[in-house]
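Just one chain follows, in the form predicted on its own, and it is written as structure tokens.
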Amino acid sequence: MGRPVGIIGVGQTKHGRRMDVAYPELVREAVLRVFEDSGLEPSDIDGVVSGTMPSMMEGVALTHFYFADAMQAVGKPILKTETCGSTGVSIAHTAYYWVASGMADVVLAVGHEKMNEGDAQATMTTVAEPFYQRYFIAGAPGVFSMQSQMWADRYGIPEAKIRDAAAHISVEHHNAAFENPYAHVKIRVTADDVKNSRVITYPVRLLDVCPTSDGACAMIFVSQNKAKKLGRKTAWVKGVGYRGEEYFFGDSDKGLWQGAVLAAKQAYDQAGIKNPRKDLDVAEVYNPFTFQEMLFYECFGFCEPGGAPDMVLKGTFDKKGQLPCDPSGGVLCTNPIGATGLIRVAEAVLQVTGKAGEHQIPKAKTAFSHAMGGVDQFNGVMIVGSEL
């Protein structure tokens, strides 16, 4: 893994429909907050990692240059990382490796998206291969609907049970969002509200789906020596894992998603995690769709294959359950795509440093974060802990 790497600062914007600020101002908001949180100045930074969804969603080809001033990055080396939905965790990995390799001591990582000024659904529909996949994928909901049905069929899970579990997840996360000052969607819903909301792509309904959000997130990664000199509370990177799969959606098994399984295994091996449900204190799972969240629980070893709905209905992954998942409300409530995966890492950092506020999990020492991206191809994991 190279030399130890810590995270000493987190900055988030208020996420939502942010028509009150221009895009560069939105980015600057997160960057100013991370400097305030870390006690550092722009002059302390050795380099910057930045990323968004594919540039066509932004309408700007070279976003890392467009936002250089907002990121306080003028005169600094800048790396751009783009992997669609997993961009945020890819940014975190890039910053981590830059420090772990010894090439830098202090790296600023910034993820951002202003989805309400673009056409996210058009982008995600047309990004697919045009001669075969584009005709039936129908953007992100179409992809994840097919994956959800593949998983349910694989393990013979009754539709009614999955529907009940998905509704439970939606209610739990929407309630959790009220305890997160940065979350976008804050609405009280019941299980019946979820079950009766309109169908988007069967079996996915409106309240199973993440929103279109504007927002930015920034973090500062530092070397062990730098962290000791600063003397600030630090979240230490304990394990990282990343996997990609075939470009064509149908060419890989999405029911027990090997990319997700192997990314988690790589991170677990590095972090010394043997029994994830017991060894982890909290998890921020990338959950743009309720059905997919359950599939990820199984891929990450939180429960047995096919067993996620039962565990969900028992409350295993609730805030007060054995392994709280997405106590921030998760992607289901906040989704500025280029920042979304980085927010998962940021929320994990807040948990292990005891700075998560009202959604803090008591005595959290080890936290799991994850993001998924590409055209349902990439999975990245980062595990952080309170101790080196």
Partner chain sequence: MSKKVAIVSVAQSAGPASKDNFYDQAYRVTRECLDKVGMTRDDLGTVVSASSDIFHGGISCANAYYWETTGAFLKNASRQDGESLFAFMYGAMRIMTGQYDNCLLLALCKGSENPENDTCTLMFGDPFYHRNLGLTETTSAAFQMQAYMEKYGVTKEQCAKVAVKNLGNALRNPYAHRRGKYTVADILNSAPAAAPLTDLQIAPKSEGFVAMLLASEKKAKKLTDKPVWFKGYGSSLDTYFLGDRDLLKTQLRTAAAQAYKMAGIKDPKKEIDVAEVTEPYAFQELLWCEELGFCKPGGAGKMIDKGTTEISGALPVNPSGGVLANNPYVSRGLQRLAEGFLQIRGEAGEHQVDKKVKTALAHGTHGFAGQCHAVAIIGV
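Predicted model only: the values in this text are computed from it and were never measured. Residue numbers count along the first chain shown, from 1.
Just so it is clear, the following notes concern the form predicted together with its partner chain, a form of the same protein that is not shown.
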| Does its partner chain come within 4.5 Å of any heavy atom of residue 184 in the predicted complex? | no
| said: Residue-level question: is residue 377 within 4.5 Å of its partner chain in the predicted complex, judged on heavy atoms? | reply: yes
| task | With heavy atoms only and a cut-off of 4.5 Å, decide whether residue 69 touches its partner chain in the predicted complex. | result | yes
| query | Does its partner chain come within 4.5 Å of any heavy atom of residue 82 in the predicted complex? | reply | yes
| request: Name the stretch: of 96-104, 272-280, 226-234, 301-309, exactly one has residues whose heavy atoms fall within 4.5 Å of its partner chain in the predicted complex. | output: 96-104
| said: With the distance limit set at 4.5 angstroms and only heavy atoms considered, check whether 61, 65 and 127 all reach its partner chain in the predicted complex. | reply: yes
| remark: From 190, 266, 212, 175: within 4.5 Å of its partner chain in the predicted complex by heavy atoms is 266
| query | Taking heavy atoms and a 4.5 Å limit, what residues of 254-287 are near its partner chain in the predicted complex? | reply | 258, 259, 262, 266, 270
